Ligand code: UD1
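Presented below, as structure tokens, is a lone chain in the form predicted on its own.
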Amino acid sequence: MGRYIVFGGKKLIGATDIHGSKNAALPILCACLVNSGLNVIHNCPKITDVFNTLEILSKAGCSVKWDKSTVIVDSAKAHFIVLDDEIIGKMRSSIIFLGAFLGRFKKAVIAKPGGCRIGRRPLDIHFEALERMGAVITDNGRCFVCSVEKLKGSEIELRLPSVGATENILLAAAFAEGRTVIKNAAREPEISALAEFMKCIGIETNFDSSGVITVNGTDSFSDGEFRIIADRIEAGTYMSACACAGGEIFLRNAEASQMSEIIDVFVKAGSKVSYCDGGIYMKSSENGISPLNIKTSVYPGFPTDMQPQIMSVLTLAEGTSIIIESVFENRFSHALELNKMGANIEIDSLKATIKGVNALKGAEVNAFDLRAGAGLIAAALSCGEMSVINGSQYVKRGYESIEKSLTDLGAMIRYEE
């Protein structure tokens, strides 16, 4: 447990590196189980969710070593383990091990994840797809018990483009007999990265940007070496910080091609954004922040993982903004905390009405989830006073040393246990 102490009111000027993507690293590390061999994963972020994923791999018999930002996973001696309450409790997204376990060990036992603070994450989409591939899944009241004699390639059309379900199907399909076709698959860049890693270890995979993925199962894999893509949400978070505090920043390694909807929102709000092969340059608006109407959506729409951060920006807009949250039904916990800082936000179910104010004030606030914490830090950077953001354990799940990165950009922020 810890907190961030932020002394705001200072413009951000500087440059920082964008780390590897959390949402790409987790399924790729899980996929290291597939090839029963050596995997060298570069640009891996040092965040809690990655540490927890590596702990699961270690418990399952994999050799795991760090070399700076590179993780080396040898899964030759991997063995079956139960993903129990302790493991699932640490990281709900451990469910992405389901497909890999079913494929390699022919079974998986996973404790029920329970509720998620930001909203429902139904697992029935995962189960329906895997059952179509031949898996038998039962609910014993405490765990989901899954088994299969032989996974079979199938044509699967998801009723929702679920990221987690797409990942589990991809990993299971690597072992399946024949071809698997996933229609209405998630199209996030992180899914494309997983598909590229699967190619790297010898699995014929085709990712179509229209939402169709094909995988030809195999029993012949190879060792792999791969570089994790830059984290587009981390880059968007620091853009939000700049929009709140003012200034101009350069985000090294940020990949603009994966952030078009995020960049478009900042441009509409009045910021200047340009990009090159080396990253993204941003200069905050010199004429005030323009109000916006935003609706979160699946990729390539505006990401729900950027909603709390952009809400912080819009608290300072010159007019009234509307945010519709269409992905998670409980993702407005940060609104009440922003109101403690002087914001004027009204919540009506999945709609947030944000009436811009001239300035926010320093306050002690609480982060209840990962992106809410990032949004509160961005807001605090605009205040001319000290703010305290509790709940650092959530922020550390997805940001590697956020205080250092923001300090590189000129912020006054420190982390305290």
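Fair warning: this is a prediction, and the values are worked out from it, not measured in the lab. The numbering used is simple: start at 1 and walk along the sequence shown.
One more form of this protein, predicted in complex with this ligand, exists but is not displayed; see below.
Undergrad: Please check if Thr304 has a heavy atom lying within 4.5 Å of any heavy atom of this ligand in the predicted complex.
TA: So Thr304 counts as contacting this ligand.
Undergrad: Contact between Arg159 and this ligand in the predicted complex at 4.5 Å, heavy atoms?
TA: Residue-level check for Arg159: yes, a contact with this ligand.
Undergrad: If we define contact as a non-hydrogen atom of the residue within 4.5 angstroms of the partner, is His126 a contact of this ligand in the predicted complex?
TA: The answer is yes: His126 has a heavy atom within 4.5 Å of this ligand.
Undergrad: Counting only non-hydrogen atoms and a 4.5 angstroms cut-off, does Glu188 reach this ligand in the predicted complex?
TA: It does: once this ligand is placed as it appears in the predicted complex, Glu188 has a heavy atom within 4.5 Å of it.
Undergrad: So this ligand isn't shown here. In the predicted complex, which residue out of Ala195, Val327, Ile88, Leu292 has a non-hydrogen atom within 4.5 Å of it?
TA: Of the candidates Ala195, Val327, Ile88, Leu292, Val327 is the one lying within 4.5 Å of this ligand in the predicted complex.
Undergrad: With this ligand left out of view, which of Gly279, Gly217, Gly164, Pro113 would have a heavy atom within 4.5 Å of it in the predicted complex?
TA: After the contact test, the surviving option is Gly164.
Undergrad: Can you work out whether this ligand is within 4.5 angstroms of a heavy atom in all three of Lys22, Leu26 and Arg331 in the predicted complex?
TA: All three within 4.5 Å in the predicted complex.
Undergrad: Name the stretch, out of 176-184, 252-260, 304-312, 99-107, where some heavy atom lies within 4.5 Å of this ligand in the predicted complex.
TA: Among the listed stretches, the partner-contacting one is 304-312.
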